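In structure tokens, one chain follows: the form predicted alone.
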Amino acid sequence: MATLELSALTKSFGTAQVLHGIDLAVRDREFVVFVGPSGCGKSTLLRIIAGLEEASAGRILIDGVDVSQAAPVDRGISMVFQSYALYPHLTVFENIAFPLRVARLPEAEVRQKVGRAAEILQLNDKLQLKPGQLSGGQRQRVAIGRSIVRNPKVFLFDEPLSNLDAALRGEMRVELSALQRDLDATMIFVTHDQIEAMTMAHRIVVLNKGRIEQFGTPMELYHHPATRFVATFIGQPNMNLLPATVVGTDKDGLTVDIAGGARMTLPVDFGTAQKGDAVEVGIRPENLRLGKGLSMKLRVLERLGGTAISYGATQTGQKICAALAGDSPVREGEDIGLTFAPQDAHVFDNAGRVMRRLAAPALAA
């Protein structure tokens, strides 16, 4: 397969700049997911890599070769779009074989390549059917098969699961992850769905307003978000953000008064924070538990078996969500107490940057 490197990549449409100095290095045989809200620039970035859009500035290197000015067909990439783009009058076999027919490969080689792709994608018994006779997931696999037979250096996927229902999306996530391992391929996958990103990616690129907010493994982004945006975008249900005021700083970290809650000392490097500064304390719903601390009016309770998702608000009206044990003795309409371990908290300054956590003290011998 191949490495992919983007250097100082920018893109403007008239006076509107949509990508701002993108620097990125994708490793050989890595599954990287671009994720972010609508309009963040992720599909534009993918189309620039594919050669379907021209960058305003910057370079694209595949296996160390600058392909910034190369035609799409000369970049060694293959792209699977959101729409299946299959030919309805052709069989599955001929849809998969289409790029090989265009390249005028010998019939024996066409059959060998199509047969291998069909076996990988479990389409052997569907080769003589037309697209209209297939399910949505099967049609998407045919589109992927058409990419596989080209033997590209890099596979690009532009929200390929968005047209599928929820159950089928889950199945296709598993299939695509297995496909990447089977092919040992370099893959770039674009989605707005953070669950797809978390479950499939080796590393995730979180994009926001045309900039990379953070690039790392799913668990790095989950446990160590660099910004408020990443913290609230990654994780389901979303991280709670609680307004707080700094009341003290010392070697143990930052002491804050949380709006509607108790005073706590949080083990973070407070930097230039001073008494009286406003900060936000982030705590994931799964890190909250019943206890003294925050007071919450429970408005909606979703019992999901092993987990009880509890939605409500603090005394100051701040929305809060807690993922409690499924058999927790709580009821809608009542006031409950919530607490959390200080080391589970994330603290964000007024610019939305996370304050680095302090290292845990070494245990005495």
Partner chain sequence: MANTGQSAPIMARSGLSEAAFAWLLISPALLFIGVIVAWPLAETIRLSFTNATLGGEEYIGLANYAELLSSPKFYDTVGRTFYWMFLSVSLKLVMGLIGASLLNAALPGKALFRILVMPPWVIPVAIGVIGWKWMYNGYFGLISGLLQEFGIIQDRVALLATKTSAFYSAVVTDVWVGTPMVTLFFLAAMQGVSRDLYEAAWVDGARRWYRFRRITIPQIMPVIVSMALLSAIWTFNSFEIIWILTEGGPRGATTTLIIDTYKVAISSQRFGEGAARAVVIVALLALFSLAYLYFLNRVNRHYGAK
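Numbering follows the first chain given and starts at 1. In this text the structure is predicted, and so the values were computed from the model without any measurement.
Another form, the form predicted together with the partner chain, is not on view; read the next lines as being about it.
(message) Only one of 46 to 54, 30 to 38, 336 to 344, 305 to 313 has heavy atoms within 4.5 Å of the partner chain in the predicted bound form; I'd like to know which.
(response) Going through the listed ranges, the match is 46 to 54.
(message) in the predicted bound form, does R211 come within 4.5 Å of the partner chain, counting heavy atoms only?
(response) No, R211 stays farther than 4.5 Å from the partner chain in the predicted bound form.
(request) Tell me, yes or no, whether P243 is in contact with the partner chain in the predicted bound form, where a contact means a heavy atom of each within 4.5 Å. (result) No, P243 sits far enough from the partner chain in the predicted bound form that none of its heavy atoms falls within 4.5 Å.
(message) Even though the partner isn't displayed, in the predicted bound form is S83 close enough to the partner chain, meaning a heavy atom within 4.5 Å?
(response) Within the cut-off, so yes.
(request) Give a yes/no on whether L90 approaches the partner chain to within 4.5 Å in the predicted bound form, heavy atoms considered. (result) It does: once the partner chain is placed as it appears in the predicted bound form, L90 has a heavy atom within 4.5 Å of it.
(message) Can you pick out, from H223, K130, R111, R289, the residue that has a heavy atom within 4.5 Å of the partner chain in the predicted bound form?
(response) Exactly one listed residue reaches within 4.5 Å, namely K130.
(request) Would you mind picking the one in R101, H202, R263, R116 that has a heavy atom within 4.5 Å of the partner chain in the predicted bound form? (result) Answer to the contact question: R101.
(request) Would you mind checking 63 to 81 for residues with a heavy atom within 4.5 Å of the partner chain in the predicted bound form? (result) Residues within 4.5 Å: A71, P72, V73, I77, S78, M79, F81.
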